[in-house]
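A lone chain, given as structure tokens: the form predicted alone.
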């Protein structure tokens, strides 16, 4: 899967780096001083790199834990996000990462302990108040779990700090490490969904909807709490039928008591990111949808956006109580 690995000289002998290199004995290893030398170079061909991304092992020096936007959250007053990785295995056409990053290579920050120390500092700032931490903003939280062992390292910290909560945002079925251990109440495995037709057309390389659903069922059977994330909502002429089928399929098979939260939000991208995606995929039907520019962002017109949000909200609230529903309130 990975044939080239760049590694920062500073963490070349880190135990986590050594373990990953042992997993890929045939990979070409290239030393570098800082990951940005590779990742942030201009005039890189994102689409070409996406066909065969390299892995970059690096150390995160600053900005390990950051405050989320004010409207982002699932029930706590204090919300933070962190990224142990940059970029994603999957190739979703609507993903903002393709507009944000110069490179399609994966960056893995191996200094997990520094992230955990920063989280502890954040918890100390808020005394015993609930604090939520979100993983999966700049990557898929679980897609490379067999390589990164991310949850193996981070979950014990949350187990010891019950006033905190960890959200793992994912489309992945790489849940073996979770199923091997006892579940903890303050971890939400939050799966992202679009209807099957849309997922097939736009979510390349990601597991199909039915496999994600089976992963959720397995997790719930093991006692894990899950989240459902319908964000972004993607408009089609048949969206009412498509989203109705998706919601009915999911909610008919899930244990509602182990659904922590449900969120949804409309498709929107910063204008600069959108322009880059247009150039990457000039023939993509998604970008010929009825989109408008407003407040330096691109998204659906208010009437389409509000109709979709209202329709989906009404169905969701037939299955989950209002206190578990968290719509995104960004306006474009």
Partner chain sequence: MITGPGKLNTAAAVTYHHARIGTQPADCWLNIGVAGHKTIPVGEARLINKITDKQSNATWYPQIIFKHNVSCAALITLDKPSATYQSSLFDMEASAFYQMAIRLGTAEMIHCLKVISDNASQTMSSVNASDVKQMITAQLETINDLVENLRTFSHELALINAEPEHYQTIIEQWHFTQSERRQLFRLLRQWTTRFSDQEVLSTIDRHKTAQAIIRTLEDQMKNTDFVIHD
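Residue numbers count along the first chain shown, from 1. Given the structure is predicted, the values throughout are model-derived calculations rather than measurements.
In what follows, reference is made to the form predicted in complex with the partner chain, a form of this protein that is not presented.
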Checked 259, 209, 189, 198 for heavy atoms within 4.5 Å of the partner chain in the predicted bound form; positive is 198
Pick from 161, 174, 236, 245: which residue has any heavy atom within 4.5 angstroms of the partner chain in the predicted bound form? 236
Given that the partner chain is not shown alongside this chain, does residue 28 nevertheless sit within 4.5 Å of it in the predicted bound form, heavy atom to heavy atom? yes
Does residue 295 reach the partner chain in the predicted bound form if we count a contact as any heavy atom within 4.5 Å? no
Partner contact for residue 51 in the predicted bound form: the partner chain, 4.5 angstroms, heavy atom: yes
With the partner left out here, check for me: in the predicted bound form, does some heavy atom of residue 202 sit within 4.5 Å of the partner chain? yes
Identify whether the partner chain in the predicted bound form is within 4.5 Å of every residue in the set 14, 84 and 264, based on non-hydrogen atoms. no
Need the contact residues for 274 to 290: heavy atom within 4.5 Å of the partner chain in the predicted bound form, sequence order, or none if there are none. 275, 278, 279, 280, 282, 283, 284, 285, 286, 287, 288, 289, 290
